[in-house]
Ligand code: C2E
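Starting off, we have a lone chain in the form predicted on its own, written out as structure tokens.
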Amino acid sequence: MVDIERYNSFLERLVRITHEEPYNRNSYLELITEMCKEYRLAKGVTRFYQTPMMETRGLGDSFCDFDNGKAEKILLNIRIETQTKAIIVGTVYGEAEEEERTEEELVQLDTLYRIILGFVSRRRLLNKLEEFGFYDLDGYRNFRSFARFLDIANSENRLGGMITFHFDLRNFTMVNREIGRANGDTVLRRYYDMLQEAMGSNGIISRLGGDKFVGAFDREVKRRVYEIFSGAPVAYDDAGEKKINVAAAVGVYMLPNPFMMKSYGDIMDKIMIAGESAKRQASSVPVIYDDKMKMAKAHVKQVQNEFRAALENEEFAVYYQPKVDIETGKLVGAEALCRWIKEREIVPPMDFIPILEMNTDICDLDFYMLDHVCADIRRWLDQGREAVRVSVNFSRKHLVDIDLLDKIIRVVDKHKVPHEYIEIELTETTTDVLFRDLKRVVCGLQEQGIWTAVDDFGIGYSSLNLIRDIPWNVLKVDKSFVPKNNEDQDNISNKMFKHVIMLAHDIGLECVIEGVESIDQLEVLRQNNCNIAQGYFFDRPLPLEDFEERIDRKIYPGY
């Protein structure tokens, strides 16, 4: 039996310890141990649940500050629901052979334990507020955590000289597809932990969402962090035997020293711009921000803002680059290429096409080109000209459009153009999902009598599957794949080129060689039975009027 003075002493000390700041855990544990021995307790367990649903599912935190290993029977079980609907459950155990507690002892225990539960609940809620504010639902630090880090470092004048970064993991969708989402989550967490360990206590990594992260670290650890950015093996099983290489597309901004941050935009704007640039390059070497990138971003925004009006005003013109039969010199086709005529000046395609590829603007431009090409072909036919087949480039971004085939047919048929005069050029794809879409589109066009061409074969990641599984009509071989005439016939480039052309002919594909600029290259094509060429040797891309002259002339001079 615990006398009233002893109980009051426990009560006063417990209230004082649980309310004093800073919290002294050692003093708290000493008091808990003393109380448990005085009341002959074997064990005390506290369980905290954020919501009633989490209590039902058993998803909570459990604490045990005293356990003598002899707990066998429950003396008290207290459940408290807070105003925020958090649940705290406390259970006190006794030893099996201990004498029964008096009613007064149980009342004293109930009071003391409710104070303890209230204290634990308050501290857990404070911890949860920290988690809610500075961590996401998966337990990663969030942007608020990064912002707090910057604020503190800025107030302590420590930001100068640090390296800040933004990154996306490369091909992480494919990683999830290969090893499963659960294993992908494990890889993501371990890569995150690996980076945080390399950065040390003076660095931070926070998640913006998905596989996008931002952070900062000291230059002293730059080498190790960059190594992880460029590619690191990450295990996704407990034994550490199953591993996958993870690399990041990283943009960094090296803070000058000294540096004082006026707003988060001083850093975020720069690392985001550098990060976008990093995603567009194949290398995993971090892209370092400079002022040219800011100018490039402004250019991107300008193009995107002006595109719609330019489309409506028909500022985009179709230029035609002839395709020529090198044996007869006859014009046999053309590729339609886009030129933006802005204030009587031609905007180079590289200044706007890659920007339109960043979103679906490129899809609207492709259909604009197809519409104008069909209008031209219809006019040639009506005028009695000998029209030729024209190829129109279509971006890979179209492939996810389930109605793409119908849309193409609708444009062609609107102009009453015979389908055999239209050729759709598509580039290869590296993902299984888009490969299936590519096959669906090509097969559908074939059924409608529209020609299809695989563009830039021989560069990128083209594979034999591309021409084995998809029924193309035309194989367009990039000029970088064409060997020079004076190379040894046993040279690997000559052999590869020769066998690709032979394979294409054997399976019935028409070969078009792009970028032919010299008589030597033309001779290489003749030696390898390549009949159709396209390039500056014959013509640059021509405006409509000049190309119509080529149609009327039919045969190139010199043949």
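Computed from a predicted model, the values in this text were never measured in an experiment. We number the residues from 1 along the sequence you see.
The same protein has a further form, the form predicted together with the named molecule, not shown here; the description that follows concerns it.
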So the ligand isn't in this model. With the named molecule brought over in the model of the complex through superposition of the site C-alphas, is the pocket blocked (at least 3 atoms within 2.4 Å of backbone or C-beta) or open?
open
Check for me: heavy atom within 4.5 Å of the named molecule in the model of the complex, for each of 164, 206 and 266, yes or no.
no
Report the stretch among 415-423, 179-187, 388-396, 300-308 that approaches the named molecule in the model of the complex to within 4.5 Å, counting heavy atoms only.
388-396
Contact residue in the model of the complex, chosen from 147, 375, 470, 353 - any heavy atom within 4.5 Å of the named molecule
353
Go through 194, 288, 272, 337 and name the one with a heavy atom inside 4.5 Å of the named molecule in the model of the complex.
337
Are any of the heavy atoms in residue 160 no more than 4.5 Å from a heavy atom of the named molecule in the model of the complex?
no
Exercise: residue 511 in contact with the named molecule in the model of the complex, heavy atom 4.5 Å
no
Does residue 108 make contact with the named molecule in the model of the complex, using a 4.5 Å heavy atom cut-off?
no
Taking heavy atoms only, is residue 23 within 4.5 angstroms of the named molecule in the model of the complex?
no
Residues in 504-519 with any heavy atom within 4.5 Å of the named molecule in the model of the complex
514, 515, 516, 517
